[in-house]
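One chain comes next, on its own, written out as C-alpha cells in the form predicted alone.
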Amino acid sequence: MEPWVVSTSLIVIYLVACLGLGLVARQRLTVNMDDFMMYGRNAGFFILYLSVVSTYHSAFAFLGSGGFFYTHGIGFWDAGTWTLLVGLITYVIGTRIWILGKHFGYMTPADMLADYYESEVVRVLVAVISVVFTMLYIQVQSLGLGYILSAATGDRIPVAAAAAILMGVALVYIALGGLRAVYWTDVFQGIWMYVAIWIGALFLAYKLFGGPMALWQAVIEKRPDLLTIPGPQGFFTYQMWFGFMITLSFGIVFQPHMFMRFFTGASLATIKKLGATTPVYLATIYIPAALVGLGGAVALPGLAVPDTIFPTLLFMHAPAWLTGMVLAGASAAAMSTLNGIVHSNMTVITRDIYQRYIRSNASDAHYVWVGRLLIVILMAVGYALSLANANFLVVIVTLSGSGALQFWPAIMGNLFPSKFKFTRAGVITGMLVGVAVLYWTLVLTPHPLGLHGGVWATLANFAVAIAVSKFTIPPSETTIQRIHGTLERELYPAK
C-alpha cells in the first residue's frame, strides 16, 4: 500500500470518529440554549480540562512552534512562561467568572460586562470585538487544515478542497451536538494531538541522532547559537518575552472561546483544579516541539519554510502510519481550536445580538436553530476568507491575537472589588483607544522600542480607562453590591 494511502486513511479514521462523537452528542442533546451553548453548565474536570488545553493549543503549537525553535532557538521556551501564567489566571479570574455565571446565567463576556457596567454600548462593543478579533482564526485554522490533508495525500487533493472537507466535518458535528459535541471531540483530539507529537518527536530524535540526549549534544556542537537568548536573530529580547507572556496568557484566556468555558464548569472546585493542572499539558507539549525544531535545524538546515519542519522530517524518515498519525494530530490541533471559536462566535451573535435586539421572546428551540444556521454562515465566511489573498487579511490576523486584551480593564473592574471604580465611559473609551493603538503598534509601527504591540495597546487602554473613570459615573451602588457582594460571599464565606 502506498504511503499516502496509509496516512490519508488514518486521517479519515480520525474524522469518522469525530462525526461519530457528534452523532452521540446529538442523541444526548436537549432542545435548550443552556445545553446547546453551555453544556448545561455541567462539564466535569476531565472533559473541561482536555477541552481547554486542546482549544488553547492550535495548529501553531503543533507545527508552528517547531518552526520557532528551528529559527529562534531555545528562547521560545523562555517565552513559554505564558503557559504557567494561564494556570494562575484560571485559578484567580476563572473562578470569579464561574461564580457570576452560576448566579446570573451569563453565557458570554458581553453578557457579564454589560450587566455590571449597566450599558448596552458595552455589550455591543464587547460582542463585536469578540467576533471580529477571533473570526480570522477560523480562516487561519482553515488554511492549516487544508495544508495538512493536502500534504497527507501527496497533494492529490488541493488545499482548498481539503480545507472544505475538514471544515465540513467540523460543521456537521458542531451543528448536531452543540457544545457537548465540541467538548467530546476536544477530549478525543486533545489526547490524540498530545500523544502524536510526543511519539513523532521521539521517533525522529532516535532515528536521526540516537536519542534526545544525543540530539542536545549535536545542537551544542553544531548550533550553539540556538541555545542562547535572544537567539541567533535577536528575536527573544526581554521586551518580546514580556509581550509574548502577556498576549499569549491574558490575551488568549480573555478570548470568548476560552472565557466562556469557565461558565460551563460543574463546580467551583472544577475550575480550581483546572487552574492548578492546566500548565502541565500546556507546557510539556513544547518539549517534543523543541526536539523537532532544534534537531531539525541540525539535520535539515536552510529549510525555506521553517514551520514545515515536522511534516518534512516525517515524510523523509518516518513510516507512513506514523506520518499519518502525526498529521491527524495536527488536524486535531487545528479542529479543536476551530470548533471552539465557531461555537463561541455563534453563541455571542445569538445571545448578544439576535436574542437581545432582533427577537427577544422566542423559544429555546428557535435560538438553537438560529445558532445552527450561524454555524453554517461562520464556517462559510471562514472558508471564503481562506481562499482570499487580500492584504487586509494579513493585517487583521496580526491584530487578532491581542484583541481580547482590550477587555482587561473592564474585567478587572467587574471581578475585583476596589475603592477605585471603572465606569462604563472609561472602559468604552479605553477599548476604543486600545484597538486604535493596537493597529498602530502592530501594523503601522510594529513593536515600538521592541515591546510587543499588544502590551502598548493594553497600557494605553488602562491609562485612558482610569483617567476617564475618574470623571464619570460608576455603576450604581445596587449593581456593585449585587455583583461584588456575590463574589465576596462565595469566595470568602467565613468572612
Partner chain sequence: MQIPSHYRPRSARGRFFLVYFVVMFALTQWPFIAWANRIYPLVLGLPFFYAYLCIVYAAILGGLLMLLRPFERSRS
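The structure displayed is predicted, hence computed values, not measured ones. Positions refer to the first chain, counted from 1.
Form predicted together with its partner chain: not shown, discussed below.
Novice: Its partner chain isn't shown here, but in the predicted bound form, which of 7-15, 468-476, 20-28, 481-489 has heavy atoms within 4.5 Å of it?
Specialist: Partner-contacting stretch among the options: 481-489.
Novice: Counting only heavy atoms and a 4.5 Å cut-off, does its partner chain in the predicted bound form sit next to every one of Asp78, Gln217 and Leu227?
Specialist: Heavy-atom distance to its partner chain in the predicted bound form: all three under 4.5 Å.
Novice: Taking heavy atoms and a 4.5 Å cut-off, does Gly190 contact its partner chain in the predicted bound form?
Specialist: Flag for Gly190 set to no.
Novice: Could you confirm whether Ala162 comes within 4.5 Å of its partner chain in the predicted bound form, counting heavy atoms only?
Specialist: No - in the predicted bound form, heavy atoms of Ala162 and its partner chain never come within 4.5 Å of each other.
Novice: Considering non-hydrogen atoms and a 4.5 Å limit, does its partner chain approach Lys272 in the predicted bound form?
Specialist: Judged by the heavy-atom cut-off of 4.5 Å, Lys272 is in contact with its partner chain in the predicted bound form.
Novice: Is it the case that Met213, even though its partner is missing from this view, gets within 4.5 Å of its partner chain in the predicted bound form, heavy atoms only?
Specialist: Because a heavy atom of Met213 falls inside 4.5 Å of its partner chain in the predicted bound form, the answer is yes.
Novice: Exactly one of Phe315, Phe416, Phe235, Trp369 has a non-hydrogen atom within 4.5 Å of its partner chain in the predicted bound form; which residue is it?
Specialist: Exactly one residue meets the criterion: Phe416.
Novice: Which of Leu85, Met135, Val298, Leu373 has a heavy atom within 4.5 Å of its partner chain in the predicted bound form?
Specialist: By the 4.5 Å heavy-atom cutoff, the listed residue in contact is Leu85.
Novice: Residue by residue through 273-293, which ones have a non-hydrogen atom no more than 4.5 angstroms from its partner chain in the predicted bound form?
Specialist: In sequence order, Lys273, Gly275, Ala276, Thr277, Pro279, Val280, Ile287 come within 4.5 Å of the partner.
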